[in-house]
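Just one chain follows, in the form predicted on its own, and it is written as structure tokens.
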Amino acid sequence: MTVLYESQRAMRNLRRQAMQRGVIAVMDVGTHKVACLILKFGVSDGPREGSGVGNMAGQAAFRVIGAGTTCSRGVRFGEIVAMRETERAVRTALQNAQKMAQTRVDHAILTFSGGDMRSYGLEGSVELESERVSENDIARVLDACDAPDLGHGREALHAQPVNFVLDHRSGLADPRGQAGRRLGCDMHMLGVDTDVVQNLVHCLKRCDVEVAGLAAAPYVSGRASLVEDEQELGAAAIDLGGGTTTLSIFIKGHMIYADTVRLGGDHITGDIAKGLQIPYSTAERIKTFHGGLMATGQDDRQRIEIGGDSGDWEKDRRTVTRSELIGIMRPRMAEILEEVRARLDVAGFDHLPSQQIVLTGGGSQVPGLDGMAARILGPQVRLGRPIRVPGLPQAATGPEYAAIVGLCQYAAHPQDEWWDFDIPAQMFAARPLKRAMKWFRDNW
């Protein structure tokens, strides 16, 4: 934990330096695409009154001045499998964004969906040093939260306080300055594989960019696709990506659970390629233009030309009905949603006061998904698009850009975490896994 504590504090310092220079890049290294946005920062407005612990680090006005996107290479399930291929893709996206912005960036904040993410719920309490809660008291109560045994080769990516308890009063967002005797805290920690993170950081260093921050894709996707009321009352954001499907649960404005399903849109494309015996690129084109999940009577009569350039005239002129295409896509999408439903059940999603589910990501654009999701996940399902940010190109406003748009908000309005406070870096005793959502079950 000592190395993690120091490295995360160092990244926050790099972020502050980049914001002082005025520009910073945000990057989404995914299985299907690599996207890069360059942000230009203005004068900070400072923390908003009553905004809670989530804005202790301050905030800044920003505008997107450069954007670049390219097909991802060398990435599978959100993890690098071919460093040189991924490096070329990252360089391409970064150079395109820098060319559009007409400036060079030296620091980037990165989001990813791999690394076998696991959520942990922690709690701790301390006696106050004085009659009122101080910044040092918050640091001590965060230090008192017993970290679980993440396992060999794993470390924490996020460690965010989500609830404070002062004496017998719970649900406090920012207890500083309030009178009391004993302060308690509930904290959410997200663990990932260290090697996956180090590979991504090394890849960006090979592209002459220092990593000034790391964020989990489920977290930033939820911030971008959930409106404030949904984040406050309780909602789940499901990002259907190419190689993975991520899910995050928010309540009272904080993420309290995150997970990743190693299934995505690329698996549907692979099923089409195998079922119709066509190239992968052709299967992707057919899925994009003709895919769907709900068959009608007209689909039996709608013929889709497969096309091809194999040289075999009969094979290149084959056609299939849209009903056959839907018959291939439905089982895989149902499998993905069933797996998501199982993860939500494990997390205790049914205990939330509001059980809104928002679907985002490139896979959410498949026609008929909302109907299938309503039957599998629950009736309160809607399709979400990322909240717009100033200067964002029209091409980057679709649901497939939810993660990187949320990363923009994370860069400008970071939620304070365990390592933002002056806590003595020390090794924590191992502790068994606690329920990730215990705190809101006790308080609602």
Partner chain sequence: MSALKSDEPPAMRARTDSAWVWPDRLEVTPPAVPAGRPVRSRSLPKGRWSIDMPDRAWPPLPEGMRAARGPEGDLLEPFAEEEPELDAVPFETVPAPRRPQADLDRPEAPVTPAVPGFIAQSRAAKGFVGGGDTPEGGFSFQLGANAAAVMDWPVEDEAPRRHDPSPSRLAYRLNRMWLTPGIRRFVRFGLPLLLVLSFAAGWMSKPENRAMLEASINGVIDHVQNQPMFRVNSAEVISASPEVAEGVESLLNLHFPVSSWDLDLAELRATAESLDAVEGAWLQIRSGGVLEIRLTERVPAMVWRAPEGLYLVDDEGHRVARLATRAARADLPLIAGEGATAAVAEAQTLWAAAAPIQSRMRGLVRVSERRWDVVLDRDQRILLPAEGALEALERVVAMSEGVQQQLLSRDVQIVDMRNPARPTLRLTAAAMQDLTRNRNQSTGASSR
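Positions refer to the first chain, counted from 1. Everything quoted here is computed from the prediction, not taken from an experiment.
The same protein has a further form, the form predicted together with the partner chain, not shown here; the description that follows concerns it.
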Exercise. Using a 4.5 Å heavy atom cut-off, indicate which stretch of 66 to 74, 405 to 413, 374 to 382, 387 to 395 touches the partner chain in the predicted complex.
Key: 66 to 74
Quiz prompt | Contact of residue 206 with the partner chain in the predicted complex (heavy atom, 4.5 Å) | solution = yes
Quiz item: Can any non-hydrogen atom of residue 198 be found within 4.5 angstroms of the partner chain in the predicted complex?
Solution: no
Self-check item: Touches the partner chain in the predicted complex: residue 359 (any heavy atom, 4.5 Å)
Solution: no
Practice problem: May I ask you to check whether residue 279 falls inside a 4.5 Å heavy atom distance of the partner chain in the predicted complex? | Solution: yes
Quiz item: Exactly one of 137, 230, 155, 87 has a non-hydrogen atom within 4.5 Å of the partner chain in the predicted complex; which residue is it?
Solution: 87
Practice problem: Would you kindly say which of 365, 92, 160, 355 lies with a heavy atom within 4.5 Å of the partner chain in the predicted complex? | Solution: 92
Quiz item: When you measure heavy atoms, are 81, 105 and 266 every one within 4.5 angstroms of the partner chain in the predicted complex?
Solution: yes
